[in-house]
Structure formats: structure tokens, C-alpha cells
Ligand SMILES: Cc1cc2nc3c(=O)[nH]c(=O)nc-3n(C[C@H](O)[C@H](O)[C@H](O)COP(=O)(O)O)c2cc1C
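Form predicted alone, single chain, as C-alpha cells, below.
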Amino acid sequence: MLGCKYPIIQTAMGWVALPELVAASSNAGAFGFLALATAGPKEAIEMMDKTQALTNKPFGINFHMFQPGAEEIVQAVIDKKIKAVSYSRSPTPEYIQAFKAAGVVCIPTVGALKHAVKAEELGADAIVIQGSEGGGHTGSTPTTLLLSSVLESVNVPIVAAGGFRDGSGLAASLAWGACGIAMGTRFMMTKESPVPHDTKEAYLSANVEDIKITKKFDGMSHRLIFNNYIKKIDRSNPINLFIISIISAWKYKQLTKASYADLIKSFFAMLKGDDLTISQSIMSANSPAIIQKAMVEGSPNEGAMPSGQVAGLISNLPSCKQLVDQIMDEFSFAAENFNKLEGDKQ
């Protein structure tokens, strides 16, 4: 469906899944997704063009259908024949139908069974389900349980995400009934990842117990490395959180070059499409500006570091090709074990 060599997806991570990483992932045989959720339309189009210049392999883009300039991004995806789109919150049915009419694969990411069912109803060609072990915005159900429930309820192909880093995980996902795995944190911790050195070192030094979920950061369940900054936010009262959110909203406006009208439109689209309160929608502005501090500026102790729990088990920074090759070698070994079990059974 996606045209990649191996059943491995590199997920879209804000400030991380830039053209260089996406192209390296796709060139290695995986399928890369370009992160455009914090990009204005002009920047988004430039990033698509740059990725196409770096690889002749298929790749996809991830964006919010409510973000400023979404209509221009949709048209660019169709015009440039981008292979797939990924989305999550507040999907717009009209955009989905436009993609499907143009042959663009629609593969949203969800973290709950009800959202998977809704995604299929809206026309998803495949779905990435992310269990609670995953980084960034995540649900409360572990990957194995979420995968089982979704497989029983939908008919499109399912890709498993949340807690994957190696070939054993790929083999396990296929045994559970998925058609592949999606990884964010593992691809973020590669040589082609644009994450600054100090921030990568902070990820490498994190333990599984340091990577927890908070709703104080942006109003939704968000798995992050609990550095001192996030610990402070997690202890903050509603007034302090509101002030932080207003400041972050202003920074988000500067980043996307959105007008006030665009921000208000996005705000109401989120309220309409998500299970969010007004305060949660305001708090959602926290993500881009604070994440940028760690992931772009290289100040891990002053910003937010979204992370899957699997970061606590990762100790090296291979190239994307080395990573994918190693995963497939490990997968082959695991498959041999399956064959031995089948032989013993006979």
C-alpha cells in the first residue's frame, strides 16, 4: 500500500521528522513521514520539495487538518503526488475525500478504539494505533491490548506503535495481527535526526521510570521525559498554566505566521472535533514552543522532550540504514524461532 520495502514506518515528530531524516528512513527501506503540524503552508511546501529532492522513494506527510494554511497543504500533497497523509485530531471529511479521490493513502494515528472505528468510517485506508507506551500524545491502553481490540473492530490494515525498537518487536507485532510497526523515538535517536547533541544525550541517559505521562503540559495525555522543567509544570496550578499557555500561543503564532483569525478558527475546530475542554484547547498551544526549546535549540533542561518509554532501553545512535538493517536481521532470527516452533508442533 505504501510502496516501502519493509513494514516499518518512521512517524512524524515535530521538529525532528525533517526532510533529511524522512529521506534517510525511506532510502533505508522504511516509510518516512514528514512532520508539518507546526509549519505554515509556504514552509510545508518547501519541506515537501526538499524531501523529494533527497529521495526517489515514497514518503508521507503529517499535519493537523485544522492548522492555518491546511487547505494549501492539502492541495500541495495532491499536486506533488505525495504517497500518504497521516493525521489525528479533528479530521476534516472533505479533505479526506479529496485525498482518496487523488489516490493519496490516508493513514491516521489513533490512541483509542473509538477513534479507530471513527477513522475507518471517515475513510482511512489503514490505521496506526499507538499504545500508552508511545511518546507524545498517547492514550491509556497498552499497545497489545489496544491492538487486539482494534483488530476485532475494524477491517483496514493496522500498524502497531508504542514500545517498538527492534526486530523482535516487529515479529511480535505481526504475530499479534498487525501488518507492521511504526517508531518515532527509535528513529529520532539516529545519526540523521536533527535533534541537537545535548538533547540526544538527555534521551540516552533517561531511564524508563523517567518517562511519564502528564496532562498539565498541554491539556492532553502527553508522555515526556520528566526533566525539572516538566516536573515544575506538572506541579503548577491552573492560573500559572493559563499564563504559560497564553505566552505559548503567541510563540505559536510567530512560528506559523498565522493571523489572529487563523488561531481562533483553529481553536474552534479543535473544540468541535476533539474531546477537549476550552482550557485544554488553550493549553494545547504549549506544545510547539516548549518542545522547540529542547528539540531545536538544544536546551533539554528548559524545554519538553516527548518520548516513548522505549527511550529508556536505547543506548546507541545508528544511521537509519544501520537501524533498519539491524531490525530486519533481528526479525529474521525471530522468524527462525517461529519456524522451529512450527516444526516441533508437526
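When you see a residue number, it is the position in the sequence shown, counting from 1. From a predicted model like this one, the values you see are computed outputs, not experimental measurements.
Beyond what is shown, the protein has a form predicted together with this ligand; the following relates to that form.
When contacts are judged by a 4.5 Å heavy atom cut-off, residue 180 does not count as touching this ligand in the model of the complex.
Among heavy atoms of residue 300, none comes within 4.5 Å of this ligand in the model of the complex. Although the partner is absent here, residue 295 sits close enough that one of its heavy atoms falls within 4.5 Å of this ligand in the model of the complex. Although the partner is absent here, residue 60 sits far enough away that none of its heavy atoms falls within 4.5 Å of this ligand in the model of the complex.
Heavy atoms within 4.5 Å of this ligand in the model of the complex map, among the stretches 72 to 80, 118 to 126, 96 to 104, 132 to 140, onto 132 to 140 alone. Of the residues 39, 310, 48, 28, just one reaches this ligand in the model of the complex with a heavy atom at 4.5 Å or closer; this is 310. Residues of 74 to 106 placing a heavy atom within 4.5 Å of this ligand in the model of the complex: 88 alone.
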